[in-house]
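Just the one chain here, the form predicted on its own, laid out as C-alpha cells.
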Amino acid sequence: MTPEKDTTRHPADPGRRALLGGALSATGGALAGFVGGRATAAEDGAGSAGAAGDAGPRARLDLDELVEPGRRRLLDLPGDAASPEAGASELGRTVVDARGRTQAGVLTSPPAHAAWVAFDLATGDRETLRRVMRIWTDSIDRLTAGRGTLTDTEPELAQLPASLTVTVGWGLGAYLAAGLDDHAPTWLAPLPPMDFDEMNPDYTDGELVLQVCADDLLTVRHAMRQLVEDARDLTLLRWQMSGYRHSAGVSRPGAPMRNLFGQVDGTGNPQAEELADLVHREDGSAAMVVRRVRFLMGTWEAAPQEIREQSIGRTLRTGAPLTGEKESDPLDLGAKGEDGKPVIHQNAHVRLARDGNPRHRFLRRPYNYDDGAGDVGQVFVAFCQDVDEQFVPILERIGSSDLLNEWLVHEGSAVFHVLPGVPVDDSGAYLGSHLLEA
C-alpha cells in the first residue's frame, strides 16, 4: 500500500523539507523506451529527402503528429545569420512549441539528450512558488523558440533549439508550500519501499523538477543553466542528472534505443492510439516518476549470454522474446522447452513486468547515463495518469524476484505532478496559474 501523505510542514532546509513520507523506491523495470521515433516537421519544398530508409529529418516518420499535431515547426533564421547558425539543418531549426493543453516533453518523441534538475523552495510560501513559475514560463517560451531569456548573457547559444522541450513538475512539497494541500493528487507521495532499494538521498525527492531535452547537447546545457539561474535566489538545488539516447539519424525511425546492457530498450510501450487513456489526466496534467538505476556492468559482462537473456526473457541481438524470432513477436508465456520448463523463466523481467491488466501500463521515456569511473546506468522516467493505479502494481510484481535485479542498483527516485500546459491564447497564464491565482 502507498504510505499516507505527510502533510507536516518543515523548514526550508534541503535535507529535511523534501523528505516527505520516508524513503523512495526504484524498480527493476528500468529497461524501456518510448512509443515513437523522432521526426522533424518538414516544409513543403524545403531541403532534400534522404535515400529510402534514411533516418534524416525529412525521411523520418513524424509520429509526434499523431499525438501532438501541429506542435512542431521549423524556425526561420534571418538571412544574415552568423556562422554556424547560417544554413543550419532542419534538425537544429526544429521548434517544439511550449504552449498547449499539455506540456511538451511527455508525449514528444525523445531527442538525443536530456537533463533533470530538482529543487526545493528557498522559502516555503505561495508567493515564492508563483514567482518561480512566472519566470520559468517566460524563459521556456523564449528558449524553445530559439531566443535567449531576459537575463541571458549568451543568447547566441539559444538560436538553434533542436527540438528543445522543458517540462515542469511539482512535488508534494510545492503543494504544501503554496497551501494547496487539498489540490495535490492522492498519488503524489513517495513510492512504497521495496526490498531492493538502496536509496541515496542525493538522488531522491524534490519540490520542483525540470526536464530539459533536445537533439543538441549544447542547447540542453544552455537552457538548463538559464533556468537554474532564473531561480537561483528562490530555490535550493536538490539533485541533477543527465542522460543520452541514440542521436537523430543513427537508427530507424521509431526504433527503440539500446541501453548500456546492449538490450533493445522500449519494446511494449503504449502505441500512439493508447496514450490518451494512459498518460494525461483530464486537465492535461500527468504523473511523472523519475528513478536513477545504476548498472553493474562488471558482473553483467562476466555473465554468460544465455543467463543474461534468460533474466530478461528476450534475445540481446534482436530484442525478440525467447519464444519468437522478431522483436514484435508476442510473448508466449506458456511455452515450455524439451525439459518441460518454461522457455521464459518464471522470474524473467518480461514475465513479471506484465499482468494482463490493461490499466497497469505507463509511458516509459528513459535515458542512459555515464558519470565516469564506471558509474553508468539509466535515468528511468515514466509518465501515467495515476501512480498508485498504474505504476505501483508493476513495481510490486517486479519486487525482489526479478532476475534482472542481480545487475541493478536502485539508488534514486522521486514522484512529481507534471502541470497542465499553458494555453496558447492566454497571455496572462503561466505554469500553475490555474492554482496559484485561484
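This is a predicted model, so every value here is computed, not measured. Throughout, we count residues from 1 along the sequence that is shown.
Keep in mind that the form predicted together with a small molecule is not shown, yet the notes after this line are about it.
Query - Close approach of Gly268 to the small molecule in the predicted bound form, 4.5 Å, heavy atom - result: Judged by the heavy-atom cut-off of 4.5 Å, Gly268 is in contact with the small molecule in the predicted bound form.
Query raised in the report: Within a 4.5 Å heavy atom cut-off, is Val67 in contact with the small molecule in the predicted bound form?
Result: No, Val67 sits far enough from the small molecule in the predicted bound form that none of its heavy atoms falls within 4.5 Å.
Query - is_contact(Gln226, the small molecule) in the predicted bound form, heavy atom dist at most 4.5 Å - result: No, Gln226 sits far enough from the small molecule in the predicted bound form that none of its heavy atoms falls within 4.5 Å.
Requested in this report: State yes or no: in the predicted bound form, is some non-hydrogen atom of Ser109 no more than 4.5 angstroms from a non-hydrogen atom of the small molecule?
Outcome: No, no contact at 4.5 Å.
Query - Residue (of Ala353, Ile344, Ala231, Leu75) lying close to the small molecule in the predicted bound form, criterion heavy atoms within 4.5 Å - result: Spelling it out, the residue with a heavy atom inside the cut-off is Ala353.
Query raised in the report: Pick from Arg245, Arg238, His280, Arg364: which has a non-hydrogen atom within 4.5 Å of the small molecule in the predicted bound form?
Result: Checking each option against the small molecule in the predicted bound form, the one that comes within 4.5 Å is Arg364.
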